[in-house]
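What follows is a single chain, given as structure tokens, in the form predicted on its own.
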């Protein structure tokens, strides 16, 4: 078991957005080795069919298992809501998934109206519907498909005029309603929080899944006796099947040893 502890935590996402989850986990578990797979060539997953998403999730999982990952974080809302049940049935390794944080939003809302910004694939999934049915049905959900946002983030256009216009078209209408919580239902979207905050001011509480997923990852590792508690200069490898420029930009300020590789997978 001690040998398994040294093995990395694997992450995959339909691109670079899952680095927001990686950052949260790395902050909580800084001694863990990690391998992150950015499937940017196939981003966004949110516009693909369920079967296509499942096939991509299996391909990504097998890549990470070939790198001896001890657990896998599906750092993508769309892949989690469409494929994680199948992954858990197919492989023995523990999986940690990402779901839109609608339960915390339902507990925090005072107006009984929450906004959910997510991809089409997440909002249309069976798992999202199942989770939605567990919250107070008197709570009004304003669901917004963030079409085009992932593509702009993948292109590094976080603060472009195009992003400002598109994001405003999705978010500004919420400020005219009784929404007091906004759930970010895609791991790409936390990178938009500064722009969203400018649009909503302090009227709306912005909720993402990063901290909760980090805590869940720690719980799962402890449960399986897989925590790596030895300080031996942890290593972090990032693989992308597209230009690595934007990925490097997002993780370049991390005070840790990071290797970014371009690889066709």
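Fair warning: this is a prediction, and the values are worked out from it, not measured in the lab. Positions refer to the first chain, counted from 1.
As for the form predicted in complex with a small molecule, it is not shown, yet the points below apply to it.
- Within 4.5 Å of the small molecule in the model of the complex, a heavy atom is found for none of 8, 32 and 217.
- Put simply, residue 44 is close to the small molecule in the model of the complex: some heavy atom of it is within 4.5 Å.
- Heavy atoms of residue 186 reach within 4.5 Å of the small molecule in the model of the complex, making it an interface residue.
- Contact check for residue 150: a heavy atom falls within 4.5 Å of the small molecule in the model of the complex.
- Heavy atoms within 4.5 Å of the small molecule in the model of the complex are found in exactly one of 69 to 77, 87 to 95, 166 to 174, 127 to 135, that being 69 to 77.
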